[in-house]
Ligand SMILES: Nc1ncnc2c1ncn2[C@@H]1O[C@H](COP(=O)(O)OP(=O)(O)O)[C@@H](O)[C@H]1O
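Have a look below at one chain only, the form predicted alone, in structure tokens format.
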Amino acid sequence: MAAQRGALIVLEGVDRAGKSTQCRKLVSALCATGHRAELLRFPERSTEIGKLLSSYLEKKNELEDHSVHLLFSANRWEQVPWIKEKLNQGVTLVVDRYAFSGVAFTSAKENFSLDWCKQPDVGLPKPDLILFLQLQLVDAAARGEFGHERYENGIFQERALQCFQQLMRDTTLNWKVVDASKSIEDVHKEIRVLSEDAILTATHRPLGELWK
């Protein structure tokens, strides 16, 4: 009998909303209760494309806005075989940022439409659950190390947040909004309950394709 597939769970939100902390906590909690779970983070900075993007985000080099958007998408696509393999083995993947960040951050720039930004990611594995960690931008900016990377400034984050809100209107996707201003443990508990439900549901459904 084929192994039941794992769930694809994505955490999104503005910078410093606590995504990385919550991703690590979720993977640990799932593994502790007998699930097979692994963490994936985008951009995946270990590949050649990922190294280029890392340097760009750290403001060490400049890239044209269209090309950098396509590189972020390519960085996701190069992980698709691995993603599908893991899910088919019954491993749940917890993903720190996905296509939605790519679309929100590029469409927050001038002269980029949401539709153009979505096109390169059409057909990526469709998440079973997208958790949006909602945090007031003033609170995010007060958290440690805000401002070190390229997109961490208040005006840009506000525009990106508006783009996220547009993406969340898509009823074909399972978006859940989580109040990220609560304590780390309270946020974790809420995420864990939602994730357990998604894992149960995913075992009975084929993996979908994003925006198709």
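These numbers come from a predicted model, not from an experiment. Residue positions are given as counts along the sequence shown, with the first one as 1.
This next part talks about the form predicted in complex with the ligand, which is not shown.
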ask   = Pick from L53, A37, A160, A180: which residue has any heavy atom within 4.5 angstroms of the ligand in the predicted bound form?
value = A180
task = State yes or no: in the predicted bound form, is some non-hydrogen atom of I184 no more than 4.5 angstroms from a non-hydrogen atom of the ligand?
result = yes
ask   = Does the ligand come within 4.5 Å of any heavy atom of I9 in the predicted bound form?
value = no
key: in the predicted bound form, A202 touching the ligand (heavy atom, 4.5 Å)   = no
query = Do I191 and the ligand share at least one heavy atom pair within 4.5 Å in the predicted bound form?
reply = no
query = Of 8 to 37, which residues get within 4.5 Å of the ligand in the predicted bound form if you count heavy atoms?
reply = V14, D15, R16, A17, G18, K19, S20, T21
